[in-house]
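In the block that follows, a single chain appears as structure tokens, in the form predicted alone.
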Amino acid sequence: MSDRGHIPVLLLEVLEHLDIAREGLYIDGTIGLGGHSLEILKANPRASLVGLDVDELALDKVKETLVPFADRVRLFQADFRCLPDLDIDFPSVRGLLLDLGLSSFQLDSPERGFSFNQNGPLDMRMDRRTKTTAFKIIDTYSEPRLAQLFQKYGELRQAKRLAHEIVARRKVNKFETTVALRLVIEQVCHWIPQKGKIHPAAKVFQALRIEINQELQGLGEFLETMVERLPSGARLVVISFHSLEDRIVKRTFARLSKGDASAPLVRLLTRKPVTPGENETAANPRSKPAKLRAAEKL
């Protein structure tokens, strides 16, 4: 496993919207390989940092990366949604970052099973303590449940057909590898590569990953809770990589900025999502779907 090629997405935009020149605590709720966190610590000697990640391998790597700043860093193996329960001085927080995408080392590690382009086990667990794997879902979910999963989280038009084919074929041969699953997806969806067209396996793998890691569960509620906990002036920056996540962030920030029955709780810093420019997508094609939204606690 290698972290070569790891490039933090929308780095300059993250630093700008977090307003990292201020003294205080910054939280990276999905620290990954620590690209954003490293730049925050390098840029501001008065900044301290709390980093969370469910992936133990990511934390092992980020510990090495942040060694020069160890006296200003605390790391937790925890889901970002556990943040309100941790012993953290929330009044001193100046910025909270969530980069909801996969780390490059996760995608580039065949043994993790995240990529349909590499042959590996059907795993896809960010937290390896989790018992549910992609293999378990493909092997045990009923046809209606698989179809609902592919449609809801993958927005796949051929969801019912694919679910039917998987259930029929698994009676003869179990789907144990990423390539085995990709091949049946390509057959059912009649895949022909076309420029700008999303591979149907990307949608199916996304659906499986969301289900396994419960990526959408409680995201909006977490943002609302953190807005309640954070002090006035604290910034919240969220990078999402698919429309389902972005929709939750957009609606939550919009609701908090209007205040509904009470006064507005945040000021929107991004009326529209910030996306990577041509130079960034050319240097890092994986950044292309990224959307950044930011808000400031009033």
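The structure displayed is predicted, hence computed values, not measured ones. A residue's number is simply how far along the shown sequence it sits, counting from 1.
One more form of this protein, predicted together with a small molecule, exists but is not displayed; see below.
- When the small molecule is considered in the model of the complex, only one residue from Val93, Leu102, Leu122, Ala147 comes within 4.5 Å through any heavy atom, namely Leu102.
- Within 4.5 Å of the small molecule in the model of the complex, a heavy atom is found for not a single one of Glu143, Ala168 and Arg182.
- None of 156-164, 130-138, 77-85, 199-207 except one has non-hydrogen atoms within 4.5 angstroms of the small molecule in the model of the complex; the exception is 77-85.
- The shortest heavy atom separation between Met126 and the small molecule in the model of the complex is within 4.5 Å.
- At a distance threshold of 4.5 angstroms between non-hydrogen atoms, Val238 is out of contact with the small molecule in the model of the complex.
- Although the partner is absent here, Val54 is a contact residue: one of its heavy atoms lies within 4.5 angstroms of the small molecule in the model of the complex.
- Proximity of Thr252 to the small molecule in the model of the complex falls outside the 4.5 Å heavy atom cutoff.
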